[in-house]
Structure formats: structure tokens, C-alpha cells
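Consider the single chain below, provided in C-alpha cells and representing the form predicted alone.
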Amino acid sequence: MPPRTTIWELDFHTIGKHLVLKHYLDAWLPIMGQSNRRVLFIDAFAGPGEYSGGELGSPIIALRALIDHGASQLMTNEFVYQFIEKDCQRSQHLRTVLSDMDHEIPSNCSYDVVNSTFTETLTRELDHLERQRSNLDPALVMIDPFGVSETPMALIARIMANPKAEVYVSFMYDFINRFLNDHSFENHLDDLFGTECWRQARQIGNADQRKQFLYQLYSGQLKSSGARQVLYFEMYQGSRLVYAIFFGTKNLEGSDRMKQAIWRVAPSGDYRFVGGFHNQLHLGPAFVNLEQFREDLFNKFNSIQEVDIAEVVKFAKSDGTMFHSGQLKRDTLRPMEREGAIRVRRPAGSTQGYRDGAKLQFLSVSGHTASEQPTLI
């Protein structure tokens, strides 16, 4: 249930979600700033900007990612932050919190607090852009509702129709599963998924299979809406699934950077991350085990006589695995080659490593070499 007060207590799983966002913005801001005149960050359910213990809310975290960035002086393009909050008291509280930061905000950055709903605000703005025959500026849209209403797939599709748009969505699975058989709730789920196919989940008795069906459906709907890469991971508090995070992008580099951000976050308290389509793959520095990565690579490429290293790197960056390109060459390919799990044909003049032009043949998965210590990002 959504909190009834203007500000409320911060919970552990929200800390994790915010840390992933912060790590991703650390990479996203300079990359987008190098090639775009104007960049947009939209927090669709912004909240009051802080929690009852004084902890930072997502709007402040997003702004601080720019203010405190080590390369902020080199990012001379325009950054625009839009914070949408429908509750009047919370939006006013957010304005007050933001005003205390005005002296820190660089001249090429601006923000706006919109006291409205995500649906109303984005529909109005996208309608305006369509009339102007223009596109949305390169944007990261954070969609973090308390429930499942006001997050229609039709609107996400309109956002993703723009060439450089990404979405970071909280998918409230526990809430969805609880109301799956409530016929008065059907319209909300129709809007959320953008289809009535979710109703097939009512016939799936196995809880894990039902969850995977709904995850795959939502992921597929994001791809049908324009995302080329869709990642999702779960957040647990103890043994309880709190929600899943879905990330949709058209950009292979964005997919890779988001995976790196997820793997960097160390769980705090009793929350943990689990890789969505890898089922029980635990994510984070404390859980690095590259056996699953080996299996992903072998399953992808074992039927190919030889594959170029560029294709292997592309796969590592993609949504075909929850591992990322920084875990590929030294930590995975090198021990696989040493154990005879892969055969490498290198270009002339190269005797080691996996430089451009190297060809790989995946022969087996093999076992993990205890002496090889995996290195993070």
C-alpha cells in the first residue's frame, strides 16, 4: 500500500534500487552528454525528495549524480530533469528540498517539478512533440509506482518510439499476483501489459512458472514497444520477492552499462538481487560465480564452427545474459582457453589475448579453475 504521509521511512530494497540507478547514471550521463545537445531525465513518480530519516530520494540522487560526477566539468551539453509527482504536499516538499540545492546546480542543468500524473504529463508532452513532428530528447525515464495503475504499456510504447529513450520500471509482481484473479482489477492489468494475454497466468498453478510467464510477457511487450534490449532482475527482502526492475533500451551499450551497475551493488541488510531469466542467479560483488556465464556462452555459440570475438563481446553486452562485457575476456575466456573449453585462432602477430579478429570455437563448459579469481567490472 502507498504511504499516507508526506514523507516515510526508507526501506532496504529501495536503497538497492537507488544504488543501481546511481551507478547507471554515473555511466549514462557522460556517454549521453558527449553526443547529444540536450539530455532528459524523467522521474515519473518522484515523491517528496527525501525520507523521514533524511535519506535522499530518487530526484536528489539523480541530480547529485551530475553535480558530483568526476567529469561534470567536461559535460557541457544541457541536462534537463523533470520530476512528476501527483500529490500536492509531496511535490511542494520536493520543491523545498530542491531549492536548498539551487546553488550547487551547474548552469547547464535545469529542473522542473510537475504536480500531475505520469500519464497526463507524458501524454501531453508527447502529443505536443507529435504536432511539432519532433522527437523526445534522449531520455532515461524512471517509472517507480506504488502499485500497477498509471503505468500503461501504451504510454511506454510512445516513449520507446523515440530513438534514444530508455525506461527503468519497477514491476510490482507481488501486487500483480495477489490481484490476478480479481476481475475488478482486470482493466489495470490490461493497461499495464498492453494486452489481455496476462489472463493465461490464471491457469498456471506452479508459482515459479506463473511468475516467469508474466515476466516473459512483460519483457516481450517492452520489446514490441520498441526496446531492443530488455533486462530484468528481482529484489528480495529475506525470502520475500518485493518487486522486479525492468530496463528497456535500444542501445547495446546501455544494456551492458546497466548490467555493470547491477553487479556493482552490494546487498545491504537482508535484501538481495536475483537475475530474472537466470532464475536463482544472485547478483552483486559477493556472489560472483562465472560458471553460469560459461554456460550462456557455450549455449549461444557451441553450434557455430568459429565465431568472431566481436560477436562474443556483443552477446556479453546484450540481454542474452545477465553477465557483462567486463567479466568476459580475462575472467571467463582466459580460463576457458587454458582448460581447453574453447579454441582460439588469433590474427597474425597476436599470440595471446582476444583482440579484434580473433576467432573462437566453444567446445565445452568445463569446470571452474580455483586459482582463477574473478574480477569485477
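So that there is no doubt, residue numbering starts at 1 and follows the sequence shown. Computed from a predicted structure; not experimentally measured.
Below, we refer to the form predicted in complex with a small molecule, which is not included among the displayed structures.
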4.5 angstroms heavy atom contact with the small molecule in the predicted bound form for residue 86: yes
Proximity of residue 44 to the small molecule in the predicted bound form, heavy atoms at 4.5 Å: yes
In the predicted bound form, residue 134 touching the small molecule (heavy atom, 4.5 Å): no
Contact test in the predicted bound form: residue 146 vs the small molecule, heavy atoms, 4.5 Å: yes
Contact assignment for the small molecule in the predicted bound form, among 117, 260, 77, 225, heavy atom within 4.5 Å: 117
Interface segment, criterion being heavy atoms within 4.5 Å of the small molecule in the predicted bound form, picked from 47-55, 63-71, 337-345, 311-319: 47-55
